[in-house]
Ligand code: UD1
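Just the one chain here, laid out as structure tokens, in the form predicted on its own.
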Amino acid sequence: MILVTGGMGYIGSHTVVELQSEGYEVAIIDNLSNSSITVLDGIEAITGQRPFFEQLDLREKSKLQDFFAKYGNIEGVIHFSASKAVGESVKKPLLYYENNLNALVYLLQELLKKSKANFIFSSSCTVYGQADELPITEGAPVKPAESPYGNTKQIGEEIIQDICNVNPNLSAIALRYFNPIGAHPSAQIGEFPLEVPQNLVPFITQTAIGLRKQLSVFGNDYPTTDGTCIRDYIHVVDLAKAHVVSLQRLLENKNDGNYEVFNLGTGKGSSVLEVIQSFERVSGEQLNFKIMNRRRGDVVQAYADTTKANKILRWISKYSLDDAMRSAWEWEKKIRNSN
């Protein structure tokens, strides 16, 4: 059995689908703080199988211990449970340190009780900050974090690496994502922020559907091709498949050492305006957006060198930016019951 913490969330639910599609038995832990119980229906509609689900907050140590006592056959853990809004983390740093770090420690403590444990950590390209060179390789220096959220990802990686250094029974892979977007092609699951979106694509689709009045584009005077910030946008299904490949690597003992790091992206940067143009192209909608002043803390450009993941994991992103924007729009229309 594979445990997916935060498996009801955006990336987690897509990963559960890919795991079940590969024949894995899956258990999900989620406190439903930023997700809905209806996600289980979407997963079941796609795969024909309903994963085991326990509503549980990982910060409740005794309940987590009870869970591991109940499910004694867990072979691997994919850990998504974390608060993830950069702006919110600046306002509520203690919440982020408690939720993202305490929960990680409690989870690792349970894994160390096993004779062999395999762990996939949901990390982020935020650890690189504004990289000195592009594209960004795994060897790029980790920069001082711009936010408490980014800091929890850096510290999380350090905690895991420290434990792997002294516990040969734990094997771990940290996956540093760039910018996940899109939805499952079935439109059964997708990104569904419960509050105002913190990410570009759901804000685009919510603006197009009429839920938001206007999209703000923060800055058009950056040193880029069109003056807007550039990011590496990866389809969430590609991202989910990379988790399955990484898990298989650990289960088959193919890892080089018991701690590895991989970038996950497309290797191509797209500007904010290019993402908007892609959406308008695939949807036929004209988006209401306005250029605003720069936003403090925004990195100018970030896109991945994916050579390591391509060669070692034998994984490569397959979906285009248009594919991702089309799937995001179909998902938005479905959840708003619009035709």
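Heads up: residue numbers just count along the shown sequence, starting at 1. This structure is a prediction, so every number in the text was calculated from the model and none was measured.
We do not show the form predicted in complex with the ligand, though everything after this point is about it.
By the criterion of a heavy atom within 4.5 Å, E285 is excluded from the residues contacting the ligand in the predicted bound form. The closest heavy atom approach of N263 to the ligand in the predicted bound form falls outside 4.5 Å. In the predicted bound form, the ligand sits beyond 4.5 Å of every heavy atom of Y259. Using a 4.5 angstroms threshold between heavy atoms, R231 counts as touching the ligand in the predicted bound form. With the ligand omitted here, the record of contacts in the predicted bound form names 213 to 221 of 96 to 104, 213 to 221, 70 to 78, 111 to 119, defined by a heavy atom within 4.5 Å.
Only one of R281, R59, R50, R295 lies close to the ligand in the predicted bound form, with a heavy atom inside 4.5 Å, and it is R295. The partner is absent here; in the predicted bound form, the one residue of T152, T126, T205, S246 having a heavy atom within 4.5 Å of the ligand is T126.
Contact annotation for 168 to 201: residues with any non-hydrogen atom within 4.5 angstroms of the ligand in the predicted bound form are N179, Q198, N199, L200, listed in sequence order.
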